[in-house]
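There is one chain below, alone, in structure tokens, taken in the form predicted on its own.
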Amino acid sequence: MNLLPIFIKVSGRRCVVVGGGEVASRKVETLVRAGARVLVVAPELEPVLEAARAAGKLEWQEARFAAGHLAGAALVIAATSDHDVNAAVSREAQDLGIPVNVVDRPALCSFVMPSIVDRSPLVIAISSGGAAPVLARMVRSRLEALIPATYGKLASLAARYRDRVKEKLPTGSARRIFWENTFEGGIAERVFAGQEDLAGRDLEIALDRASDARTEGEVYLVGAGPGDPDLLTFRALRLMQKADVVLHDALVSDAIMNLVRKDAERIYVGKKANNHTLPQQEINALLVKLAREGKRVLRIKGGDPFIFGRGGEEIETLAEQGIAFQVVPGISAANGVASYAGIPLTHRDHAQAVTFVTGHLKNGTSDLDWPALARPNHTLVIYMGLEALRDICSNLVIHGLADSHPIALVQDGTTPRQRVLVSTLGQMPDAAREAGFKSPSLIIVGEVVSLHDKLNWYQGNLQPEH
């Protein structure tokens, strides 16, 4: 982020626009909507600006820009077609410490004008930092379609009750939960339907109940998918924005953690081979403790929490302790990583079944059902198997698969750091060691691996394959 997004109060303050053409007209319109006292400096005005002047919406200084025109201004916009004039406006404004925007000249700006979604008093500003204003406008158009105009009325309702809510609900967390429930429930629907009086009545009732009730905590067990934040579900993203505290694992990427509510407390509870930040029982107990404190707890895991994620153990504890919880499945590492590696897990010509197993073997022993796994026309996906890779390949060959049977290793799947190594059971252990593969890596065994070269669609920003 190379610009700090802020909102400046210009109501009743003098703002200067240098230029009298169509572009200047658009900037003047925005400033007038914000309540500014606008002075336009230009030799002449285009018709829309002339009409605004006649209606008393702006003042006009009929002149070319000169030193002194910016005196007393709270904000300045240069919107002329003359580069030298624009540069002179920028220099003087910055010398005077006045925020200045020069249209389509980011280098001359101390601030940029965003694209705006106006649902006053709710206002959304979108900016590309001057790099791609057309893209910012496209984003705005999408938000315009997603956010009803009545959101402004909802914000106005909240403004009327803000002080009373603060008085009745003394803690910030209680107020936040109350407003989230208000904005997501029946009260908001009343406003959207034009029933503002009924919405006010329902809000009064909800406030009375909230002030008398004890805040109950809840746990959200959420699958974050294999790494690409675009693979999150809508429900996962919504709960990530609601949580008061987050317990997260090593496999949850920074890109996904950046989507969690900014002021939520974060607790790392990741587990790697021979390195457990917190034992599982302590994680279970911590979830119960935080929920009993009235907090909304996000337990977020890579992949799907019910596929080698020990999510079942966690919610079993919550159920025993009477803690409310929700489970949001995620795209499993097997599905996501295989898809991004161009390896279908099933295929009519190569595999009619797929099996998921964990290769994280206790005490280094091989306690998997190798005869059942070493089968033709079958895809085997092995989680957490990198350290046991040589043992895995050896056992699959001992129990019936050929040395030449295809195997793939995928590191950091679905992310820009994805690496794919395709080899055979006989050669993979040495090839992986030479290539320096590290966790997290997924192992895929089966004839479907032979389709990787043909179906390898995910090429953006990837390291070269080994």
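For every residue, the number given is its place in the sequence shown, counted from 1. Model, not experiment: these values are computed from the prediction.
There is also a form predicted together with a small molecule; it is not shown, and the following applies to it.
Partner proximity in the predicted bound form, defined as non-hydrogen atoms within 4.5 angstroms of the small molecule, places exactly one of 300 to 308, 93 to 101, 135 to 143, 253 to 261 at the interface: 300 to 308.
For a residue to qualify, one of its non-hydrogen atoms must sit within 4.5 Å of the small molecule in the predicted bound form; all three of A333, M384 and Q411 qualify.
Under a 4.5 angstroms non-hydrogen atom cutoff, the small molecule in the predicted bound form lacks T424 among its neighbouring residues.
In the predicted bound form, the small molecule stays beyond 4.5 Å of every heavy atom belonging to P406. Interface membership of S439, defined by any non-hydrogen atom within 4.5 Å of the small molecule in the predicted bound form, is confirmed.
Looking at V337, you'd find a heavy atom of it within 4.5 angstroms of the small molecule in the predicted bound form.
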